[in-house]
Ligand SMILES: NC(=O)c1ccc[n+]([C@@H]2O[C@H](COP(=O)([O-])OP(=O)(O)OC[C@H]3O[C@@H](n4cnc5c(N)ncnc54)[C@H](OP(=O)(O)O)[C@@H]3O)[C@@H](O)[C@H]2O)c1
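Quick heads-up: it's one chain on its own, the form predicted alone, in structure tokens.
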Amino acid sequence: MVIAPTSAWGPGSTYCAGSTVLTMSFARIANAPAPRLGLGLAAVGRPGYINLGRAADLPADRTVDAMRERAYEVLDAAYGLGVRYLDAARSYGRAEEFLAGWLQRRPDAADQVVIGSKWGYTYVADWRADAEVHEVKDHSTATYDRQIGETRALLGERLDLYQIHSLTPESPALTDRALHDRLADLAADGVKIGFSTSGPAQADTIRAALAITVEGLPLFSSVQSTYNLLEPSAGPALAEAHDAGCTVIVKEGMANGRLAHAEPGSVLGRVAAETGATPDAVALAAVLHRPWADIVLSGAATAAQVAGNLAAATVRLDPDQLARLTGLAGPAAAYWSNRAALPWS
């Protein structure tokens, strides 16, 4: 399968794969009121997640109908404030279903947004926040074949970007040539192919994935990684990806809620006071100050959080403030160990 060597979605050279259709989609984002901010639906697609503070953020009765209405509220708020990139996944419970329903309710928005989703994890919690296991990872071709069908059944031709969910260096998706051919087929149909990363070796994963080619041409044109004030280790590799023409999407910019609030005397608290912004806006603004960060995701669970997060676009941090915030970073291994210990709630 040959991937046509057309322009990449993000700025830069064309070492990453792309498509004319998606270049046009990205142009819509570039002209949007909030061109570098997106919305991730992990927090509103299922009753349980690992964001801190969910007990206060979500309805007490997290039925499917209640979560659907919350998802619509958050989507309405984000769209109204200029967000045009929306990010879901097969493992986010009913996120794709909720997104499809919102697109039907908002035909005015349907042609203005770019839709990304992810495959590779299966949601198995049966709509329980207290389930022992919430999702199961499998990067096999069989899982891809099943999940692309499920995604297409909900989103149809509205799917713009399909990403391998949470690649790590040991993932078989890095070496499975049959899978690469399937993804190249999807790219030939006009869907952008990307991957997300997780774990302390994100930089290694990014570099390995971007080296993958099909018939001599790059397979991936987008990378989505965790990057925040506490865990910036993927930064150099993400800068390389951006320079190569890939679109860089940043997830978990608030470290699953750990940067949503700050003590008054803390570094984050002091910078927030100096700028007159809230800690969440400062944390996301610090990511937006990285020129390689094409899109930074909000993982908001309420309309008010959407507004607070998107205020990041107006926060200007001076070199001294950025330097102090950079000092919050710790070892990547410790960050991911702490993240793994966060409770689902």
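The first residue of the shown sequence is 1; numbering continues from there. Just so we're clear, the structure is a prediction, and the values are computed from it rather than from any experiment.
We do not show the form predicted together with this ligand, though everything after this point is about it.
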{"query": "Contact label in the predicted complex: residue 300 to this ligand, heavy atom within 4.5 Å", "finding": "yes"}
{"query": "Partner proximity in the predicted complex: residue 41 to this ligand, non-hydrogen atom cutoff 4.5 Å", "finding": "yes"}
{"query": "4.5 Å heavy atom contact, residue 87 and this ligand in the predicted complex", "finding": "yes"}
{"query": "Exercise: residue 94 in contact with this ligand in the predicted complex, heavy atom 4.5 Å", "finding": "no"}
{"query": "Which of 76 to 84, 154 to 162, 173 to 181, 257 to 265 sits within 4.5 Å of this ligand in the predicted complex, heavy atom basis", "finding": "257 to 265"}
{"query": "In the predicted complex, the one of 120, 253, 194, 218 near this ligand [non-hydrogen atom within 4.5 angstroms]", "finding": "253"}
{"query": "All of 31, 106 and 294 within 4.5 Å of this ligand in the predicted complex, heavy atom check", "finding": "no"}
{"query": "Contacts with this ligand in the predicted complex - residues in 304 to 330 whose heavy atoms fall within 4.5 Å", "finding": "305, 309"}
